[in-house]
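Shown next as structure tokens: one chain only, the form predicted alone.
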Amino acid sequence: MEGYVLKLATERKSIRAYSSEEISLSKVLYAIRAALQAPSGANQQPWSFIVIQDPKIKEEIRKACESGERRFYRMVRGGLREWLESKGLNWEKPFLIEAPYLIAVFAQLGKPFSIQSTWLAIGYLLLALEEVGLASLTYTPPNPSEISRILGAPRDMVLQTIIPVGKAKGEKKKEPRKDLEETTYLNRWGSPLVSVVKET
């Protein structure tokens, strides 16, 4: 149906608070199956996923992430600090244990365009989670190697993000997005899309 992907993308929000409602693992695996269809450099498909349900492992991940976040927040200054404070963000990451599942996403070193390819797969994953009614967040800890150690990942697999998955607790407005005309040009940098937009 025309417009369905845009509808999913428009409705999707980054969620940092999760309810205790249980969700089906099959929905999470459906989203990963969608992610596996993403394009990749030389079709190397350099991504791997770990689905984490065990509360003890989630707690260990949270402790490690918050330790790294404390160091980060002690160092951050200026505009970034003001922005973080305005959003109510701090070193605490309770969503890492609140969400029923975490998905750790890894990219394999040495593969062509492995980082870019893996993030394409992450984009597919997020939209598929939205399709099945699940909330998500892309959280990248400041100490990814520590999380890789906890999860026993091989040294050539680099953690890209941890995605909590579940049902949102409460309502959240979507952060504003830039318009098409602010971000897209026709043929050359700075050439406006005005005439094309009027025709569509």
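Given the structure is predicted, the values throughout are model-derived calculations rather than measurements. Residue indices: 1-based, along the sequence shown.
One more form of this protein should be noted, the form predicted in complex with a further copy of the same chain, which is absent from this view; the next part is about it.
Peer 1: Given that the partner is absent here, does Gly123 sit within 4.5 Å of a further copy of the same chain in the predicted bound form, heavy atoms only?
Peer 2: Heavy-atom contact with a further copy of the same chain at 4.5 Å: present for Gly123.
Peer 1: With a cut-off of 4.5 Å between heavy atoms, is Ser48 one of the residues that contacts a further copy of the same chain in the predicted bound form?
Peer 2: Heavy-atom contact with a further copy of the same chain at 4.5 Å: present for Ser48.
Peer 1: Any chance Ala17 has a heavy atom within 4.5 Å of a further copy of the same chain in the predicted bound form?
Peer 2: No - in the predicted bound form, heavy atoms of Ala17 and a further copy of the same chain never come within 4.5 Å of each other.
Peer 1: Tell me, yes or no, whether Gln116 is in contact with a further copy of the same chain in the predicted bound form, where a contact means a heavy atom of each within 4.5 Å.
Peer 2: So Gln116 counts as contacting a further copy of the same chain.
Peer 1: What residues of 39-78, in sequence order, lie within 4.5 Å of a further copy of the same chain in the predicted bound form by heavy atom?
Peer 2: Residues within 4.5 Å: Pro39, Ala42, Asn43, Gln44, Gln45, Trp47, Ser48, Phe49, Ile50, Val51, Ile52, Gln53, Asp54, Ile57.
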